[in-house]
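So this first bit is one chain, no partners, the form predicted alone, shown in structure tokens.
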Amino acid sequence: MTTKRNLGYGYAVLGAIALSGTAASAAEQITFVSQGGAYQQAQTVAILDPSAKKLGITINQDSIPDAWPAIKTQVGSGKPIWDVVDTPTGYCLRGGEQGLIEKLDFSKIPNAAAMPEAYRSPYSISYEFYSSVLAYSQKTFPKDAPNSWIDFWDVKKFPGRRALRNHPIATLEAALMADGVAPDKLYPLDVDRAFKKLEEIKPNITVWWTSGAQSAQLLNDGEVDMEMAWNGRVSAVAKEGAKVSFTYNQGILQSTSLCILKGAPNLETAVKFLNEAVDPVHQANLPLHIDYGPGNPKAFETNVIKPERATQLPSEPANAAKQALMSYAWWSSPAGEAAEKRWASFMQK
């Protein structure tokens, strides 16, 4: 069977397409939603097309930068048109708590049941990993480069222009590690301590970036000497010739996850797809096409990912061991939501 891409049209248009498709065929199908761009193209080749062929189903695709508002609208209407969403894990958890996301029966998803408990929740399965890392200019730091968030905060030993993400998620974790908190002792976050540490570095932040593309451009153009950035963005500009690098030491390991909308029109097929999507071989195919790590660690046991490539990926076991694993459960809690709201007032000071 096939995948049918509808990238860039948005879910309202997809709705018409999906309805016409339902009328034309009773074959098993789902509607899968991701974030578009090179990422969705890569997962189409690595995971979606092989899964559709193996299961004998049709996978209709849509893309949207931020699925959360649409999830609330669709489920709230009582007639969702999406089945499976690839979205930041926190939205799956928050949606589960609010009755917007289906609770998963892992007896029907054995590929996920074999994954570490920290990589799944009652409502979600980790699908791919990326990291918020400390990146730097190799022109500014040809040797003795900054290697920790303590170094990033040390403006005397490591002078230079700095950038951080204009968002509390991962930034608060970096601040606490800069203040000496061990990566495996971060949660529950000491929010007061994190903001106090951020106040310390705030006068030295040249740019608070708001998109991955902007962070990459800052390094590529030499506008900053070091910054927090997503590993794939740094790798991309490095491949284009920019003299930049990063360290996984004290990175914040983050994931998107798969979850199913409450009342999804093709629930049974969606569950079959979830199991297939985290198959170790399909998962191992993803980093052959893009710089993201597989959500299922067993992908590293398939021999599909060569050792040299594995060492570049954020979820490779040795790299993962150097990092803090993001707790989406904490960020979805009332304390996490309060920290997000507090961020706006921090930036306005």
Partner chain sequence: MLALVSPALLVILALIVLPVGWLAWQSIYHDGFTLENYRRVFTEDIYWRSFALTFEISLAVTVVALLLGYPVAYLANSVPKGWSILILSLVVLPFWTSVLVRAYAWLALLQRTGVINQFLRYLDVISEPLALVHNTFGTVVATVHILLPFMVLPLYATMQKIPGDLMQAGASLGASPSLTFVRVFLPLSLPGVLAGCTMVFVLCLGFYITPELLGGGRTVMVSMLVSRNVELYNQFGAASAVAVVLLLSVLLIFFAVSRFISLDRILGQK
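This is a predicted model, so every value here is computed, not measured. Numbering follows the first chain given and starts at 1.
The same protein also exists as the form predicted in complex with the partner chain; that form is not shown, yet it is the one meant from here on.
This chain lacks the partner; the member of Q138, S77, N147, T210 within 4.5 angstroms of the partner chain in the predicted bound form by a non-hydrogen atom is T210. Only one of the listed residues (Y91, Y123, F152, W82) places a non-hydrogen atom within 4.5 angstroms of the partner chain in the predicted bound form, and that residue is Y91. Figure note: of the listed segments 260 to 268, 166 to 174, 110 to 118, 231 to 239, the one touching the partner chain in the predicted bound form, with heavy atoms no more than 4.5 Å away, is 166 to 174. Of the heavy atoms in D225, some are within 4.5 Å of the partner chain in the predicted bound form. Among residues of the shown chain, I205 is one whose heavy atoms approach the partner chain to within 4.5 Å in the predicted bound form. Under a 4.5 angstroms non-hydrogen atom cutoff, the partner chain in the predicted bound form has Q214 among its neighbouring residues. Although the partner is absent here, R193 is not a contact residue: none of its heavy atoms lies within 4.5 angstroms of the partner chain in the predicted bound form. Each of R161, E340 and M347 comes within 4.5 Å of the partner chain in the predicted bound form, counting any heavy atom.
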